[in-house]
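Have a look below at one chain only, the form predicted alone, in structure tokens format.
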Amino acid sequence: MLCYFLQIMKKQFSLILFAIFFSSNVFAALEVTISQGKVEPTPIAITDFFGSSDKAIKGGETLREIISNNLSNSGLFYTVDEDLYIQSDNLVDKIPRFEDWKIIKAQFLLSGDVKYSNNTYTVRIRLYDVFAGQEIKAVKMSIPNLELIRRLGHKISDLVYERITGERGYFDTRIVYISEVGPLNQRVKRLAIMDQDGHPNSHQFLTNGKNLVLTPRFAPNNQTITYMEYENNIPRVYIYNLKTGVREIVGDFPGMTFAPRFSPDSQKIVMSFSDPKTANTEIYLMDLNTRTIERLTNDPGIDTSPSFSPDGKKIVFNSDRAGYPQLYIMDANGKNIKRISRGKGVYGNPVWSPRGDQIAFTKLTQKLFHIGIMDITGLNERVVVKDFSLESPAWSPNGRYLIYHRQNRSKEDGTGGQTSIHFIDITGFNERKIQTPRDGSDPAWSPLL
């Protein structure tokens, strides 16, 4: 089945972005840090996106819904009930009556319209700071067909999010994950992908389910993924180009192979695999251009789950060299290894934040799994969420949110044990389940499209 996103990307189109107005002032109404704990969402009013025709009206309704859902799901905004709106005009070409919006306690106001002409949809938006009584963003975009309306809605959401919070958005992104079905001892696992909001129309399969697939990971700077696939019990590392639909084998590796990840420049892959003679697991680096392999660790313990720092200078990994699994950091060449985790419990799945200042991880302690974050020094460790079974934390591209999968307890007959993908703010608030057609596990977040 040809994937929806491949159909779209193979068409010759472009999103045309015209800057009508950009304020030169630095503006960030929501100065949010992880130390603040729960943040009360900021009220934003989103008017109808007026349309010049039936097609344009339909597009406008879809856009408004996407933007409202995105901003609400972030946990930093809520959309003011439109039944409270006093002014119902198209506010793209006229100045709002700001007092009408202050009365209903809207702090920001987003208005837009859609025009359809010559097989092109043109969308104009204006964003206002109600209490300052001024426009803070104005943009015009064009798309050739309504198939791209969801993508446009995500881009507008990112613009609004960034303009108000001062940090990059994350809405125009995708999540690759493992789709699972069947009893626990016979799970069919397929590589799948969806938009970050989990919209039903965005879910697509990338593999056919004949072979076991594991640990998909995005390249940091393009729409390429690496993942594990077992064919005839032989582990292979693949690279899948999402723009072309072409995949290639990186290589066959001896013994067990684990969790390949890209370097920040996407030119190398770091992973761990075991020597079939000694059964010892070490971390290796492969240059994708030359296919040469460099061994980074050499220890009797198990070294696995490597993840690069955003600048490519360091690698965090998991090792039981001290007797039980803990987190360590080393230089990208394998030197200067230093333990950073010091808490009680078994640590695993470390992944470096895109901001470079924190590391997310899983930890098993007191018979519960925890997903937490710590500074890169190992200090200020704290739990974000805990439950019976939690795995595979992955960062949003702006470093503000985490996704992970949760597994329920299995039933005695081997059924149950459903897995699902969840989203949470790194403050530990605003957790929500991302809907998938089947069970979902091992999610990874793409960079911005």
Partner chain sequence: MLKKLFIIIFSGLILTSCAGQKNVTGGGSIAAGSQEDLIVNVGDRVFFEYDSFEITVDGQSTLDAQIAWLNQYSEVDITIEGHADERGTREYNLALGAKRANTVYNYLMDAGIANTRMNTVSFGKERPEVVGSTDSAWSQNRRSVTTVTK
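Residue numbers count along the first chain shown, from 1. Note that the coordinates shown come from a computational prediction; the quantities given were computed from them, not determined experimentally.
What follows is about the form predicted together with the partner chain, which we do not show.
Undergrad: I'd like to know if residue 200 sits close to the partner chain in the predicted bound form, meaning any non-hydrogen atom pair within 4.5 angstroms.
TA: Residue 200: no contact with the partner chain in the predicted bound form.
Undergrad: Hey, in the predicted bound form, is residue 124 touching the partner chain, heavy atoms inside 4.5 Å?
TA: Heavy-atom contact with the partner chain at 4.5 Å: absent for residue 124.
Undergrad: Taking 4.5 angstroms as the cut-off for heavy atoms, does residue 100 touch the partner chain in the predicted bound form?
TA: Heavy-atom contact with the partner chain at 4.5 Å: absent for residue 100.
Undergrad: Answer yes if any heavy atom of residue 179 is within 4.5 Å of a heavy atom of the partner chain in the predicted bound form; otherwise answer no.
TA: So residue 179 does not count as contacting the partner chain.
Undergrad: 320-328, 72-80, 109-117, 136-144: which one contacts the partner chain in the predicted bound form at 4.5 Å, heavy atom to heavy atom?
TA: It is the stretch 320-328.
Undergrad: Give me the residue from 220, 372, 354, 235 that has a heavy atom within 4.5 Å of the partner chain in the predicted bound form.
TA: Going through each option in turn, the one that passes is 235.
Undergrad: Of these, 288, 92, 337, 364, which has a heavy atom no more than 4.5 Å from the partner chain in the predicted bound form?
TA: Spelling it out, the residue with a heavy atom inside the cut-off is 364.
Undergrad: Which residues in 204-238 have a heavy atom within 4.5 Å of the partner chain in the predicted bound form?
TA: Those in contact are 212, 214, 215, 217, 228, 230, 233, 235.
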